[in-house]
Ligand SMILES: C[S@@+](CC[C@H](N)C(=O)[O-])C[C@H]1O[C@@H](n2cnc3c(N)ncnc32)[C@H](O)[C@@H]1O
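Encoded as structure tokens, the following chain is the form predicted on its own, with no partner shown.
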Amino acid sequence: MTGRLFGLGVGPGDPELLTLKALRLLREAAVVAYPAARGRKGRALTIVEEHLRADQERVPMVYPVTTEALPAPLDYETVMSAFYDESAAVLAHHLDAGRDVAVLCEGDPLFYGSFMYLHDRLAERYPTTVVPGVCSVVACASALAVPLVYRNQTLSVISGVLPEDALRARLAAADAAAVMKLGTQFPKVRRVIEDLGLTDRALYAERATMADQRLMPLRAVEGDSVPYFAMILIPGDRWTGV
């Protein structure tokens, strides 16, 4: 009998936002796998570390690349695909041995979550349970204390990595928007928002729900350097019908 695969959403950073179900399955697993950058233990592990048992095996999945440029002939897609192939093989070894594996994922596992690439490779072969987590968009809205959408408005979740023309078109058509994956894309994103006349509605959130979070209007952000996991929210127009 094989082990079970758990994809656990551990939330945006505040350990108190971990769900009871995620905590239960975390404690049941013999193996805990988690993504991490080179030389770091990773935020997903930090969120749950106090709940781990001493006898649980920890399996770090160390990203070969994060946001840095790669020398030719390497490219990001190929390198990351190989990384997830190798990580899936390591987890499959534990699962084939009958050990339950909990894979930690910041935010929600299936909303821009790192777990979904492992899910694609493993879920058809092993019994799999995915536990939703508080995702970054709603965490930022709550930290900023701002409603995102009213009544029949729609919310567009947009990657800041999009080309400028595509970003402009999607923001122009949106009732409300969350622009993710900022980092080096921030100057471009801010420029588009300014050009569309949306700056007065735009809010900035960095490390939302964590002790060192930064929350402010977009126009108050100084300089062009922000973290990759920062976000800009453009809430829908307030509905005054009630």
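As the structure is a prediction and not an experimental result, all values here were calculated from the model. The first residue of the sequence shown is number 1, and the count goes up from there.
Keep in mind that the form predicted in complex with the named molecule is not shown, yet the notes after this line are about it.
J.: Of 48, 193, 61, 180, which residue is found within 4.5 angstroms of the named molecule in the model of the complex when only non-hydrogen atoms are counted?
T.: Only one listed residue qualifies here, and that residue is 180.
J.: Considering the named molecule in the model of the complex, which of 36, 30, 210, 65 comes within 4.5 Å of it through any heavy atom?
T.: So the residue touching the named molecule in the model of the complex, by this definition, is 210.
J.: According to a 4.5 angstroms non-hydrogen atom cut-off, is residue 112 in contact with the named molecule in the model of the complex?
T.: Residue-level check for residue 112: yes, a contact with the named molecule.
J.: Can any non-hydrogen atom of residue 234 be found within 4.5 angstroms of the named molecule in the model of the complex?
T.: No, residue 234 sits far enough from the named molecule in the model of the complex that none of its heavy atoms falls within 4.5 Å.
J.: I'd like to check something about residue 167: if you look in the model of the complex, is any of its heavy atoms closer than or equal to 4.5 Å to a heavy atom of the named molecule?
T.: Residue 167: no, not in contact with the named molecule in the model of the complex.
J.: Check residue 171 for me: does it contact the named molecule in the model of the complex (non-hydrogen atoms, 4.5 angstroms)?
T.: No.
J.: Answer yes or no: in the model of the complex, does the named molecule come within 4.5 Å of a heavy atom in every one of 22, 100 and 126?
T.: Not a single residue of the candidate spot has a heavy atom within 4.5 Å of the named molecule in the model of the complex.
J.: Which one, 118-126, 104-112, 86-94, 144-152, holds residues whose non-hydrogen atoms are within 4.5 Å of the named molecule in the model of the complex?
T.: Going through the listed ranges, the match is 104-112.
J.: Using a 4.5 Å heavy atom cutoff, which residues in 197-231 contact the named molecule in the model of the complex? It's fine if the answer is none.
T.: Stretch hits, in order: 205, 206, 207, 208, 210, 228, 229, 230, 231.
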